[in-house]
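Read on for two forms of one protein chain; each stands alone as structure tokens, with the labels structure 1 and structure 2.
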Structure 1
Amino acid sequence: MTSAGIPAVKAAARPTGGGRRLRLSWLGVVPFFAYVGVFLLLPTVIIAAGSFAAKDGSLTISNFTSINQPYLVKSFVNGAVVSVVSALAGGFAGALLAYAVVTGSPRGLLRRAVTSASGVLAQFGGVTLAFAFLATLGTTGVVTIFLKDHGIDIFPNGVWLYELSGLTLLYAYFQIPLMVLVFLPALDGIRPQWREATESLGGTTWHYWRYVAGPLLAPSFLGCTLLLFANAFSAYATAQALISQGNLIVPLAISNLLTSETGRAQPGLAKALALSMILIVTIVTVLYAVLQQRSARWLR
């Protein structure tokens, strides 16, 4: 309505501003850039520069070549495995939950409850999550004891909660809600008419999912799974609280390198690991953004 008037207003306002006002108006954003410069960009620069610096300050790539140690390579592989498995499992489970939500009333209480709860639980990592699962599936956990009383031993070959499989289960706890949050908009874009069109052309439910909804949702699903991967790959607090020792995944290795009290602290190596993590997460996030854009063409 008023959009026609706005350019005219702008054009009229511009000459009165003058050059001096424009130069002074930059002062308004100085605090923001000063803060961001010190607490966001400087740390990033410290990481990038430090990862190429030797102990004496000279330029080197030895920090990166020393990532090629068995225990560090293993932590990368472990981290990737946990992230892929928890992203796929969380992705599928989250997609099912999201589908169960969208097939209900769009303004209903159930949908509101699930989205609100997902918002909370997607952030629910760390110490509390580790404790929750210790109280559930630890050796004296509620479910462990309950099942034992009924003749089922969930740890026949030792306690797996503190290993990769346990960590993956814990990660699913925040991956599923995140998937619900990011995948719901895509599911909302699916029109009932497409299903009706499939049916009127003689297609079955299988045909609909295989040739219509599946291909439309695939890019978004893949993109969301990538986001979940990045989310799990970056997670640290949960693993630290659950496992507390060793270098099972990259964040734990970084943490040990930073805090090692035995004089083996290697800041250069820690920075190289941090930079590698940032690169991996950035690449995955960019792929996510590209896939989201692709799927936005149909699902809006």
Structure 2
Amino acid sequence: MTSAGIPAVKAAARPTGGGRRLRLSWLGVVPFFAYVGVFLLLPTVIIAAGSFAAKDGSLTISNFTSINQPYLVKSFVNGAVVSVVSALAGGFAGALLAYAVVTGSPRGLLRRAVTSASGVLAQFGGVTLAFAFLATLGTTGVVTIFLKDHGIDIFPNGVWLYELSGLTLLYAYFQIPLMVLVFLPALDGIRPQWREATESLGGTTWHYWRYVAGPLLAPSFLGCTLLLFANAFSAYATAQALISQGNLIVPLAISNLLTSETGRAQPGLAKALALSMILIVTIVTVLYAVLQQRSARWLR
């Protein structure tokens, strides 16, 4: 067939209906959007609608005005403190561990071991994590009893473990490996040639981190730290297993408002608290995405 006949064949192969042929590539994202719609958007709509409903079914905004009660405000403050401290501790420790891993061989045993362990430990939470710490540092924990037998009582009866300090320690346990996982790609984007260029221009290690690597990694580090904050702020299972009573943080307050044994449950107020948490986590997530997009311009 001559080359002159090829355009005629292509023209004959085009649809003659005048419309464009429907592309089927979008079908691959249908399960994702279905999952988001059923497990994220639909519960959010239900919570938003319930937060404006009174017990008799009428519309009201009293659920939001009731959030200013002292014990609920304190739960927000406590949750923010635990989230900030655990995010900063996990962020710095995880970043240092990730940098130590990056300095080694990209396919070495150390990197594979650390990333595999981080993937497991980042999901190690809830009842399992709380029980592990209670069995270790609780009132009758192994370490607590061992230290008491040797005349050392640095953990007074393990009471601190059931307070904000103990909850922060538990959160930091899974925040560090999560930081390793999310910060490694940013460190991989730092090119060795940039350090060589700094040294060839007479710069020191301080100059390299101050003017080159530091500014490039700062948006990614801040974004990952915000992700850790959102992860801790919305955590529930670990706190519930460690602290069975009280309204220490917002998720526990929501649980207590939904499950009252004396008939004083306030589902509308619980949903208003949940909606407030959703808004806070959404804002933090958007800031994380913006910072990650900014750092991706250079770290590719």
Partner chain sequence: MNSARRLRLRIFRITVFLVMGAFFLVPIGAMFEFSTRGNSLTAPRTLDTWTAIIKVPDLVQAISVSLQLAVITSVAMLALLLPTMVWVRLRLPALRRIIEFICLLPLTVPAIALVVGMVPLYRWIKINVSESILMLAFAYLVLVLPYSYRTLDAGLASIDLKTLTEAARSLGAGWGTVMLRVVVPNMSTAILNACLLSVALVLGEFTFANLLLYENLQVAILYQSFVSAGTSIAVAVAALMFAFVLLLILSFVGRPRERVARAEEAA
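By rigid core we mean the largest C-alpha set that fits within 1.5 Å across both forms. For residue numbers, the reference is structure 1: its sequence is counted from 1. Bear in mind the structure is a predicted one, so any value in this text is a computation, not a measurement.
Q: Quick check on the two chains I just loaded: which one is the form predicted on its own, 1 or 2?
A: Answer 2, the form predicted on its own.
Q: Please say whether, between structure 1 and structure 2, the C-alpha of Leu41 moves by 2 Å or more once the core is aligned.
A: Yes: Leu41 shifts by at least 2 Å between structure 1 and structure 2.
Q: Would you tell me if Gly246 moves between structure 1 and structure 2 by 2 Å or more at its C-alpha, with the rigid core held superposed?
A: No, the C-alpha moves less than 2 Å.
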